[in-house]
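Shown here is one chain on its own, the form predicted alone, set out as structure tokens.
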């Protein structure tokens, strides 16, 4: 296989190293998602993810003119439910980078805080709701969709209530705290005739999608293994993520889910079995209710494996490594909101060559918001529907079961499609 002439490995903004430099990690994942008809409204200028064939000798052309997006009045109106750190620091600011979405309402239990936030984002004071009055959103035609950024245990309730109010739902991950709750959310949205999408922002991020493209085009050969860690230091014992009733678990459903989902969407396979182990420091006030860390292995039918760890008591570490028979791809950091770094290796003239693709970064929250807005406007199915979140919850529950009994646990693979249509960008 000669990957040296492939556009994937001949970008003008890459650094090639021909000396041998293999870091022996186990790594995997890259999706074999089906390419389908592009969603209406996506253009290469808006979201340039699939790279055009470029030769190294080509000089830079004229800078493309960015698309202005839809007029504000024609954008899909979102109500943001929950005004915690994620909503304030990521979701609401992301609307400034959106082309098809706009914030039109807020839902919060803190009236004064909501008024301040509404003023900052140009949302009228009469478009603020509290949780008791949440159901009145059904009478507000400006709200077409809601973004649920609440603690995990509240996702199911507000998805069901939002669906019953006739609003389309974009819900943060993890989808819920149990498999039955995930199914309840899917059933409620289906019955109400509204769309349900889970906020797996990494699946809309350009570098992650470049890895997926490399896998599809067999640039890495046959996938062998995936290795990943996602660890942070949770210092505040009062943080809701350390409350099992609110979070449903510790680092496994919060940050470990990124590794689980990456192994699945990058490889395009579903695990058939898992083996898990958890550690809980009961003498630490932070971990009275949830695990401190989790380690797990996902086994796939093809022989591909994913070996992963996550922790709430480690220095921040976010990486993934996907190893194939003819190349590898690694991201370090991975999973972060920004600052991602991708390196890829392939054989060139019989020697390993390492490239660092220079792909323009994008606001991941804006990408997922606009994808969902286009689905709402066009009637298309979202790329990461409720079934995607349900499958991750099946795997998470199996890992907890395995850790409890100390044995490998089988994972159900549903016959129906899990993931929606892939994102196809016009070149």
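In this text the structure is predicted, and so the values were computed from the model without any measurement. Residue numbers count along the first chain shown, from 1.
Not on display, but discussed next: the form predicted in complex with a small molecule.
- Residue 129 falls outside the set of residues with a heavy atom inside 4.5 Å of the small molecule in the predicted bound form.
- Contact check for residue 151: a heavy atom falls within 4.5 Å of the small molecule in the predicted bound form.
- Although the partner is absent here, residue 281 sits far enough away that none of its heavy atoms falls within 4.5 Å of the small molecule in the predicted bound form.
- Using a 4.5 angstroms limit between non-hydrogen atoms, residue 83 touches the small molecule in the predicted bound form.
- The stretch that touches the small molecule in the predicted bound form, counting heavy atoms within 4.5 Å, is 252-260, out of 132-140, 313-321, 252-260, 177-185.
- Of the residues 233, 341, 338, 113, just one reaches the small molecule in the predicted bound form with a heavy atom at 4.5 Å or closer; this is 113.
- Note on the partner interface in the predicted bound form: the residue among 102, 201, 264, 209 having a heavy atom within 4.5 angstroms of the small molecule is 201.
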